[in-house]
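Below, in structure tokens: the form predicted alone, a single chain.
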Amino acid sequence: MEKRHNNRPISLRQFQAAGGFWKEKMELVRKEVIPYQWEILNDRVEGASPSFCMRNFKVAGKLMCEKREKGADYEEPAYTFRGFEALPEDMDHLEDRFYGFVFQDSDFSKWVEAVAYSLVSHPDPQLEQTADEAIEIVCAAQLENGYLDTYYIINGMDKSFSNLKDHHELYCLGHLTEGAVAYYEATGKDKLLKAAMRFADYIDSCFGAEEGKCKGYPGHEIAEMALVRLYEVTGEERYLNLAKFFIDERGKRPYYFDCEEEVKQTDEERYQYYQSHRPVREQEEAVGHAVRAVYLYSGMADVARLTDDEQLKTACRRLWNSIVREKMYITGAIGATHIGESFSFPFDLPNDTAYAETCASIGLVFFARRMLEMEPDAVYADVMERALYNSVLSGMALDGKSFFYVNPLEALPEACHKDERKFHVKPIRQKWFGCACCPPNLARIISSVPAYAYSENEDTLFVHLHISGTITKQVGDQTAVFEVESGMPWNGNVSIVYKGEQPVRMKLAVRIPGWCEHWKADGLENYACTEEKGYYVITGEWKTGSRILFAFDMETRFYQADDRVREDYGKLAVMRGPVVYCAEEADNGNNLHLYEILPMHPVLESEVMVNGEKYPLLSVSARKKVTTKPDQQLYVKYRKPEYETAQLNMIPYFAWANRGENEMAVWFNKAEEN
């Protein structure tokens, strides 16, 4: 297959951060999150749920060492398949067996991927040495045939690949590959990359269209996009072919998962949870487990781009529209129900029981970037921006040391503790989870955010997210250098200065944010300018000192939902620029449900301190229902309500729950005005 590049993310080596919002977040990950998570992976944080991740690799490595020493005389011990369970408090007395969830290995892989991105922007010999030592531990566990999944290495290989639907071997391959490629690109060291290639080669020998090979596919997707990444770094087409096989095979009849479990075949359409109910090119609606879905769609977009598969591209667009037009929260969160961590039916977007897993928002960002690679269009970047500034960042505390798995749009602490329907909603973040997919996922995406902000083709640099930094780009045999200074997300002023030593003729495509109604640009006298799919394309010769100034109007705006979203009918949400705002009890007192917004009145702006950080505080005109002395009866005859004038103080949604347990809400009733 011909290797195609429509539009590729910049390498992190092409970007140098220069202050601003995302520089601060990247530094937080580098200084606090990565070291903290390394301690977590080694079970050294008091009060945090145990990880067992590195412990499992050490146990598997010990078994492999014994096997190598004893050679042919070695007999694998008999193990009982056991998963996560209650454990003794004294970690020193644990048995030499597997602990945790079947996908526990992936926590290391995501951590080392975040390390890799951090090392590119900020070389750190001590951190690199720690990662190298961790890689030695991981690689010591690999079987001679290349297999590398501690759950089966420790428990016994006789059941490997026997439960693709629920046991995450191919998922662990995917994350291992993502981390290995990133670490190779960051350091030039290929030990982990070779381990990932050996594992992928082993899987390629087991799965495929050829006679005698398994016709299965991942129950939890990610291998598809990871194999594409492995193909792009190695040039080995077998990895792209394997990714394409997994995508093409998915959903075919008879269902592989039926065959796997020896279930009688019927005409019933099922396995929506796994996005395996139909072949992917026939799927019309985003369904099932939200994280699995967007990981699959990301791999589909990758394969569609590289193989120029128009049917697959059309399916990607159709599934994208299903998500963003029917199933996405205003924060960019997806996955409305805790039942199966899944998408619900169209327009069912409850606020107080929202699941909105952090990983699902991150996966939506993955999907958006790959759609941008397939076809640059600002609608994808708009969603990517919305998710990053809101539902992604809300998953981590401002100090980087506690995390949300679930990101609701309304929270009442009493309900979180007493209502079983809302037990999945936590009013404060946790140090860690037994199922810890989200925290290291946050670390890797924040560390690599410049690769989402900027992309390029042969003669164009795309600015998808307006983040500060210096970007270099090769145009033929010349080097173009642009310095971007951005006030995002707090103000809409963006300066772009050409710093290259030689003049370069090329295009600069700057996204006009979908939330911005009024904007202007200065310094364009010597350029040809056009608007193309939400981008302002500036074409001409760039000379040292050339400066373009953008001013994007960032007024506070009130949003209403589609009338079919019953939970939000008659309600308003508040946004300023790309940031969604919420109200907390800490700034307003309790009973937030008594407030009604007056959208036609001015919004005042000031500042508020949250966990030592200053953030814009919006004071929205509102009225608050005056509650009278409670009647003895639960229901009484209607009487005209009384209201008092009020200000509803609102902070950025991502900053909520950093001041202890308190009420929070994004959507508020709209007051009827005369």
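Each residue number is its position in the shown sequence, starting from 1. Predicted, not measured: the structure shown is a model, and the values here were computed from it.
Beyond the structure shown, there is the form predicted in complex with a small molecule, which is absent from this document and is the topic of what follows.
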| item | value |
| --- | --- |
| Partner contact for V291 in the predicted bound form: the small molecule, 4.5 angstroms, heavy atom | yes |
| Any non-hydrogen atom of H168 within 4.5 angstroms of the small molecule in the predicted bound form | yes |
| is_contact(E341, the small molecule) in the predicted bound form, heavy atom dist at most 4.5 Å | yes |
| Contact of R250 with the small molecule in the predicted bound form (heavy atom, 4.5 Å) | no |
| Segment assignment from 261-269, 291-299, 308-316, 410-418: heavy atom within 4.5 Å of the small molecule in the predicted bound form | 291-299 |
| Among the candidates E357, E113, E385, D105, the residue which, in the predicted bound form, approaches the small molecule to within 4.5 Å (heavy atoms) | E357 |
| Of Y535, Y256, W320, Y405, the one that lies within 4.5 Å of the small molecule in the predicted bound form (heavy atoms) | Y405 |
